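Below sits a lone chain in structure tokens, taken as the form predicted alone.
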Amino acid sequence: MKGRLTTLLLGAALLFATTGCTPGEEQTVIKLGHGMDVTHPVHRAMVFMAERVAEKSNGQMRVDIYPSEQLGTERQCLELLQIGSLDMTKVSSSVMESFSPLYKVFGLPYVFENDAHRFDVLEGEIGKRILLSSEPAWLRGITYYDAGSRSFYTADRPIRTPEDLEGLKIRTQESPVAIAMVNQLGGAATPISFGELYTALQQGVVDGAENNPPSFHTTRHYELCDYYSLDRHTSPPDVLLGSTHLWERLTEQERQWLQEAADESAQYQKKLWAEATEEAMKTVKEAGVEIIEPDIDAFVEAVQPLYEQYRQEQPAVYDVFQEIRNMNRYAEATDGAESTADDN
């Protein structure tokens, strides 16, 4: 109740402070708030999007960006979108699992064969369908931003096989899919706020975590974890969201300008993310972190029961998983398992 009241007060203050334009001016202003700092590839992509919106609309539209939680936390920004006090924000697709079950498919391990396959899915019909699936919650997906692939990093024990995770407390996101995956691999999933993770690693509350290379680097978790095992188990993208209240008030032309600019920014962000990943890997290697390339097939085999669980308990998510899998060679790789798992 207290959190909801805080969000409402934030919304009222935001509405009071940023509504409208100067008298006689006809300009559509879009407010975008998020929690990342201004050096992050996603923020830089959003700036690019704002520039393209202004160019496409010849100044009729303006996107004002508020980074670094200026307008509230990730959760507060989502709630502000739902009540129409904020227009746009960015979250991980893992967060969207609470608003649309279809987003859970991105948290399933090894759903994508490689980056090319991943982008084919995100930029194709399946990806667009998932973006629109959260509209009943007043959240419309606009585009995806690349967040790379997540891998395990640990303080005292290298992860070369799934068995090496046995008994280790691994920090995960507040995602039922991520928790189930780590537990299935033999670890003890331990959801902890990302902002508290450095201290948790330092104090031994957890033995490790899992994330993409830029996050491992920028958080300086590599100072505490000597091993980075590139098992690349999941690749949940970031999602640029718009409030359905925003979408309803935009004209068809304005929607087109915004969508085109967002899609262009996603392509630009891919390049920024690739550069950030390369820099991150270089830095952590120079810092003495051991980079491990484990046998991926062993991890794929270990998570097979998780697919069966989703087939039985969440058939809608499983159906989308099958659609994605049928686009890649993992359909062949798991055919043998299907005979024992009764169609994974």
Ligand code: GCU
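Because the structure is a prediction, the values reported are computed rather than measured. Residue positions are given as counts along the sequence shown, with the first one as 1. If you superpose the two forms and keep the largest set of C-alpha atoms that fall within 1.5 Å, you have the rigid core.
Below, we turn to the form predicted in complex with the named molecule, even though it does not appear here.
Remark: residue 238 counts among the residues lining the named molecule in the model of the complex, judged by a heavy atom distance of 4.5 Å or less. Within this chain, residue 243 is remote from the site of the named molecule in the model of the complex, having no heavy atom within 4.5 Å. Shown alone here, residue 91 lies within 4.5 Å of the named molecule in the model of the complex, counting heavy atoms only. For the chain shown alone, residue 233 is not a contact residue for the named molecule in the model of the complex, no non-hydrogen atom being within 4.5 angstroms. No member of the trio 31, 66 and 85 reaches the named molecule in the model of the complex with any non-hydrogen atom inside 4.5 Å.
Picking from 211-219, 180-188, 258-266, 107-115 the stretch near the named molecule in the model of the complex, with a 4.5 Å limit on heavy atoms, gives 211-219. Only one of 316, 281, 300, 36 lies close to the named molecule in the model of the complex, with a heavy atom inside 4.5 Å, and it is 36. The contact residue chosen from 74, 120, 135, 226 relative to the named molecule in the model of the complex is 74, the criterion being a non-hydrogen atom within 4.5 angstroms. Annotation for residue 298: C-alpha shift under 2 angstroms between this form and the one not shown, rigid core superposed. Taking 2 Å as the criterion, residue 189 does not count as shifted between this form and the one not shown: its C-alpha moves by less than this amount when the rigid core is aligned. Once the rigid core is used as the reference frame, the Cα position of residue 78 differs between this form and the one not shown by 2 Å or more.
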